[in-house]
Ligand SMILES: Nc1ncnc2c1ncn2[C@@H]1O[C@H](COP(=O)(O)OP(=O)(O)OP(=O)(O)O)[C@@H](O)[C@H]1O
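The data below hold one chain only, encoded as structure tokens and taken in the form predicted on its own.
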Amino acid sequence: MNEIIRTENLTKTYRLGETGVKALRGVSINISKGELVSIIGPSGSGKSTLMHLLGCLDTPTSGKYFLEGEDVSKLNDIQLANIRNKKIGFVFQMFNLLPHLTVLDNIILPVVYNAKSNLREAERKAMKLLESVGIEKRAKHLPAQLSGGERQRVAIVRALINDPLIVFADEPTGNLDSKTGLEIIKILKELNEEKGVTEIIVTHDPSITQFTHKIIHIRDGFIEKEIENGHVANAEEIKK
């Protein structure tokens, strides 16, 4: 597999008045194309900060971040926004769906910001993706009319609408019951297996790590250890 992400001694310090809070303290990792990776650690460990840097939502205080060989650690906000729109999809714990838009309109929203996109084609693609996760009949519903699991499926489809190279999932099962959470993990696993999408799941739940190729443990802003999973459960092995 080819390298898609490489970091060299990434640090991130947040300023609180005159006090500096070190969230990351020299993080170096490598992730290959097509890998399904879990980043796990306790609250305050730095895992969400790392995801924000890898997802080009923020920039490091020091160090380098190479995405497909390009050093993106020094890019400006406009350049980072362009990378996020073209190469990255996000799935958040709180779903982040706009309540006044239908499911279909929420999904194609990222396409609206691309002037060269064909909205009619985007709608057709969105419907196919909704069908693949089993909720195509919900396309005209509002988010409030959906269950938590259905809303997370919508968020996954929205993350895929621009054919991203990488999908970041931040605690994707955090607001779901265990059965629904497994259904969401199965969907993410199927996308990785069938479409080869690189996925990075940030979680505090150790049970999720059994479904990932690589496990990155982070604590106090440091990489504590990395584990290459021996037997990785596939989508068919995930309990329904």
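In this text, residue numbers run from 1 along the sequence as written. No experiment lies behind these values; they were computed from the predicted model shown.
The form predicted in complex with this ligand is left out here; the points below concern that form.
**Student:** The chain here is shown without this ligand. Which stretch in 44 to 52, 206 to 214, 63 to 71, 185 to 193 comes within 4.5 angstroms of it in the model of the complex, by heavy atom distance?
**Tutor:** Looking at the partner contacts, the answer comes out as 44 to 52.
**Student:** So in the model of the complex, does any heavy atom of residue 21 sit within 4.5 Å of this ligand?
**Tutor:** Yes.
**Student:** Need the contact residues for 3 to 22: heavy atom within 4.5 Å of this ligand in the model of the complex, sequence order, or none if there are none.
**Tutor:** The stretch touches the partner through 14, 16, 21.
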